[in-house]
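Listed next as structure tokens is one chain, alone, in the form predicted alone.
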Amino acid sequence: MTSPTAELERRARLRRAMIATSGIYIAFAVLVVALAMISPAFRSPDNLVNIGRQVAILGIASSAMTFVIILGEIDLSVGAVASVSGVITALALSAGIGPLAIPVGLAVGAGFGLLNGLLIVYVAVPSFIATLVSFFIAQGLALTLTTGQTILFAADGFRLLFATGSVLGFSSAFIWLVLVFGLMGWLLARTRFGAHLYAIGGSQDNARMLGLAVDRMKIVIFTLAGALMGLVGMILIARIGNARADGAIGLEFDAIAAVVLGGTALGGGYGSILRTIVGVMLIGVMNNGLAILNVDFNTQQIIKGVLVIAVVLVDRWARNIKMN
């Protein structure tokens, strides 16, 4: 028979584990309710549509980052790769090649992702260093191609397809986000590919003993992440109507923050697209709400940093509870 003290401890652990597991959902709900009460502008239908448009780029980048982090790796190149993909796509559009600019943009992103994978697998460079190298190469290439200038292009059909169009009131950028989330969530939760990804992220040595293609998985994941950055680059330039060498710089940090807030383990082997979606929405709503409240950008960065470290500490606390 369980003693009263042991039963109380068991219930306390369950409550703490539940708080840790559902903390991201609670934080998101509290943030939305608080902003809705403070600012009528926040809860306006137009602003809600605007939030959906704003989170499209971050959401797609975060879905790619989720796969990379579950693998036990990191990708610091996503912002620069999205920027150079957008620049090359804009140059292709301005050169008059029309729809062929789309595969060009995707190929540029996938190419940088493939470079990351090859460096990690065949040169044995840690992902932190490999993707930092790609960051510098992509940024340098973008600056060289633009000579520091903004690239203008006229392609109304392209802009409608990737950003300014709408379906049932939802922007085309948001539709792309939903499609990517749906595909990535299905791959992760419903396929052998996803099961292998979790296994490799949990322990590469064990995965090799089971006969899983660890090196091939790394190359595939980084190439996929790069291709998605090509898509991000196209959505970005379609939304603003031009391309700049620094258009998406810094995106990698928001993407990592969203994934960490969603509970994906930085050590690999654990995470989900659903929780990443909540992390993305949390950052998107927070950015939007703080902007509406006229909080300056530097203070916004401090708030995001404090929020991320708080979630990491709660996650570590929850893991200690489970181990004990």
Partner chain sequence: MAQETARTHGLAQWVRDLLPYAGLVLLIVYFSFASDFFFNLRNFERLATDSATLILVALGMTLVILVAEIDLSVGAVVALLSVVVAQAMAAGIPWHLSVLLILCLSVLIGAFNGVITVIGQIPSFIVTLGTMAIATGAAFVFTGSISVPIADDTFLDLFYSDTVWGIPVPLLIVIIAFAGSLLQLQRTAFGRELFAIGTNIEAARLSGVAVKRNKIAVFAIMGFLVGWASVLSASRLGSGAPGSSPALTLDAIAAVIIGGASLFGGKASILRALLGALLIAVLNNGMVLLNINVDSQYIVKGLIILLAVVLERIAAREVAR
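Every value quoted in this text rests on a predicted model; they were computed, and no experiment measured them. Positions refer to the first chain, counted from 1.
A second form of this protein, the form predicted together with its partner chain, is not displayed here; the remarks below concern that form.
Asker: Answer for Phe253 alone: is it within 4.5 Å of its partner chain in the predicted complex, judged on heavy atom distances?
Answerer: Within the cut-off, so yes.
Asker: Does Ser44 reach its partner chain in the predicted complex if we count a contact as any heavy atom within 4.5 Å?
Answerer: Contact check for Ser44: no, nothing within 4.5 Å of its partner chain in the predicted complex.
Asker: Any chance Leu266 has a heavy atom within 4.5 Å of its partner chain in the predicted complex?
Answerer: Output for Leu266 is yes: heavy atoms within 4.5 Å of its partner chain.
Asker: According to a 4.5 angstroms non-hydrogen atom cut-off, is Pro99 in contact with its partner chain in the predicted complex?
Answerer: Taking the distances in the predicted complex, the answer for Pro99 is no, it never comes within 4.5 Å of its partner chain.
Asker: Tell me which of 174-182, 220-228, 87-95, 116-124 has residues with heavy atoms within 4.5 angstroms of its partner chain in the predicted complex?
Answerer: One stretch meets the cut-off, namely 116-124.
Asker: Sort through Val104, Leu161, Val214, Leu141 and report the residue having a heavy atom within 4.5 Å of its partner chain in the predicted complex.
Answerer: Among Val104, Leu161, Val214, Leu141, a heavy atom within 4.5 Å of its partner chain in the predicted complex occurs only for Leu141.
Asker: For 114-139: residues with a non-hydrogen atom within 4.5 angstroms of its partner chain in the predicted complex?
Answerer: Stretch hits, in order: Leu119, Tyr122, Val123, Ala124, Val125, Pro126, Phe128, Ile129, Leu132, Val133, Phe135, Phe136, Ile137.
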